[in-house]
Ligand SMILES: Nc1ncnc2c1ncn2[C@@H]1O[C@H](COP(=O)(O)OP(=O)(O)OP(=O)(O)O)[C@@H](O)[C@H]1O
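Starting off, we have a lone chain in the form predicted alone, written out as structure tokens.
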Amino acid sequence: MNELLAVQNIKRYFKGKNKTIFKAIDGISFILHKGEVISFVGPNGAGKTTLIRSISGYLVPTNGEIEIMGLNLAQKPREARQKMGVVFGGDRGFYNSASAYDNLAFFARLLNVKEKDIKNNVLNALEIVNLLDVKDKYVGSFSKGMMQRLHIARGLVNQPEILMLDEPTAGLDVESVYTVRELIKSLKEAGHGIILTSHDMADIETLADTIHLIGGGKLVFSGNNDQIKEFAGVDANTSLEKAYLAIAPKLKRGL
């Protein structure tokens, strides 16, 4: 199946003061395909976080449908979520006094991985992120770069088709950023569909096949790097960061 995730006309409204309605996301649709990396870009308050939480099942949309490999998220949430790995990253989230293997085995059980499959899934995830040789070391001894790769391994331990990567290179040194980016490329080549969020435009410019611009809760424009630059009205040799800065004021007004 080439189509992994289909989001159709998603809306999420919140009640504000005096019973006013705030439209956090207002009719967003998109498709994620196998072997594709997509990113959502927009100013603070544009609706990115609400959208990501809705896709991952942490928020229930007011309207619209989300299908994960043909499974309706609202109707079959448990089965649909099993197809997805969510990676938040950061310095927390693991037991520092336990080994990398034991940490992943614990989270595999939380993700309802069958007991007979846990060892194979954990070792496979560690091998993918190149941490198999340190599987018995305490996580508390890991560098930031190793910790970030372990977070990605945690997202892979239930062998999902879709990965949601939130700020995967935040706080890393140059060498670690390169390592994580190459890892994401290899996951894409292996057929995973990846949703990437990052404040580092270099991550998005390097990794994303499709960039979705969001403003005022709406999808304003979608395209690759060159198409985004053309939409922003800048030269093709301009960095994606500068292209975004050129269009950001319009996004804030919610085109």
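What you see is a predicted model, and the numbers here were worked out from it, not measured in a lab. Residue numbers run from 1 along the displayed sequence. Whichever C-alpha set is largest while still superposing within 1.5 Å between the two forms counts as the rigid core.
What comes next is about the form predicted together with the named molecule, which does not appear here.
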Quick one: does residue 45 come within 4.5 Å of the named molecule in the predicted complex, counting heavy atoms only?
yes
When the contact criterion is heavy atoms within 4.5 Å, does residue 50 count as touching the named molecule in the predicted complex?
yes
Please tell me whether any heavy atom belonging to residue 167 falls inside 4.5 Å of a heavy atom of the named molecule, as the geometry stands in the predicted complex.
yes
Tell me, yes or no, whether residue 243 is in contact with the named molecule in the predicted complex, where a contact means a heavy atom of each within 4.5 Å.
no
For the chain shown here without its partner, which stretch in 218-226, 62-70, 201-209, 22-30 has non-hydrogen atoms within 4.5 angstroms of the named molecule in the predicted complex?
22-30
Rigid core fitted, is the C-alpha displacement of residue 214 between this form and the one not shown 2 Å or more?
yes
Comparing between this form and the one not shown on the rigid core, is the C-alpha shift at residue 31 2 Å or larger?
no
Tell me, please, whether between this form and the one not shown the C-alpha of residue 236 is shifted by 2 Å or more, with the rigid core used for superposition.
no
